[in-house]
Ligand SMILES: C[S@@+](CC[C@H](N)C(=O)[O-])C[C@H]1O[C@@H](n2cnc3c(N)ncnc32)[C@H](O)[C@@H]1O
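Just the one chain here, laid out as structure tokens, in the form predicted on its own.
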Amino acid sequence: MDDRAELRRLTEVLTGPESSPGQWFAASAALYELFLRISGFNEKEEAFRRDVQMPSGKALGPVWAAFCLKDAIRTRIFLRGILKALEAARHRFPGTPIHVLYAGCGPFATLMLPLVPLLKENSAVFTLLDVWPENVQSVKRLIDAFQAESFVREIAVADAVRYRIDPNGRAHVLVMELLQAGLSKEPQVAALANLAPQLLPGGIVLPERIRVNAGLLHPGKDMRRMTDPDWAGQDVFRLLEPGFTLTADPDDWQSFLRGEERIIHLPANRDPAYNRLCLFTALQVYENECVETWESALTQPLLLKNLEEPPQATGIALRYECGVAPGFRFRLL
């Protein structure tokens, strides 16, 4: 089987409705090895393991950006969501190729290249951005190898927080995955605030909704969840309201930029065994394509504090802070 046929086969496994989780993980690992071989990307280069500190957050080192492909559920859900978003965009913007702006493409353009075998010629064109020149060079080699030049409008070394879209070629769809659990460290918020207003009216942003809630985790139940394959227990954690929602709606992302503080009350009669205060992240990539808690590195609970027993705090004040080290800040009440 040649490389283009293999790319199609693996993509169909990753996105197909009948494939199993085991097949998703095998396909994502095989796709990683395929891209690694063809691109010549050096995953052993020590310099590629260092993150770059940008004014609005960290840019992952190329090795870690490449490894994101192996996060199988994350990769599957994003690819399926993008396919659905492209179909929706064709109905909104008929008669023209759909222009997709893909910010943070990494060395493998994980959220673009696997889709190429499934796309019709002249149906979509991508602009790809990354702050690492080495990532851009790796993607160019893959584009050449898979003869995907007709699907590429531009590949640029650029910071998504500052990039300006050509006013004569505004995008229909924005794809960004510049985030970690709890919207920490990476500049998803700042990049969204820069790029979303530059889309065409009616444009689509993916992920379309990121939800972050404080919550209380039961460590005993969590340990059993991880170690006992036969345990079907529920109620491992309990979310607290109000939460924070990030979408392309300016009211949402502007509230993050302003650092609006929200008061979250702890239940007066809470079970003291739920003693780990965490942030819980959930992604709605597009429509019903979602990544839930624990399904991905993006949705692992982020520990804020172990609460005292007996509990002293009655609540927390939570706000988001942008800048060099973006993320949520909290104080106990």
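Everything numeric here is computed off the predicted structure, so don't read it as measured data. So that there is no doubt, residue numbering starts at 1 and follows the sequence shown.
Although it is not shown, the form predicted together with this ligand is what the next lines describe.
- Stretch 50-58 is the contacting one of 271-279, 35-43, 288-296, 50-58, since its residues have non-hydrogen atoms within 4.5 Å of this ligand in the predicted bound form.
- Contact here is defined as any heavy atom lying within 4.5 Å of this ligand in the predicted bound form, and by that definition each of 68, 135 and 187 is a contact residue.
- 104 is the sole member of 182, 203, 104, 215 with a non-hydrogen atom lying within 4.5 angstroms of this ligand in the predicted bound form.
- Of the residues 208, 252, 222, 159, just one reaches this ligand in the predicted bound form with a heavy atom at 4.5 Å or closer; this is 159.
- Residue contact with this ligand in the predicted bound form: residue 99 places no heavy atom within 4.5 Å of it.
- Of the heavy atoms in residue 127, none are within 4.5 Å of this ligand in the predicted bound form.
- Contact check for residue 111: a non-hydrogen atom falls within 4.5 Å of this ligand in the predicted bound form.
- Taking the partner from the other structure, this ligand in the predicted bound form has a heavy atom within 4.5 Å of a heavy atom of residue 131.
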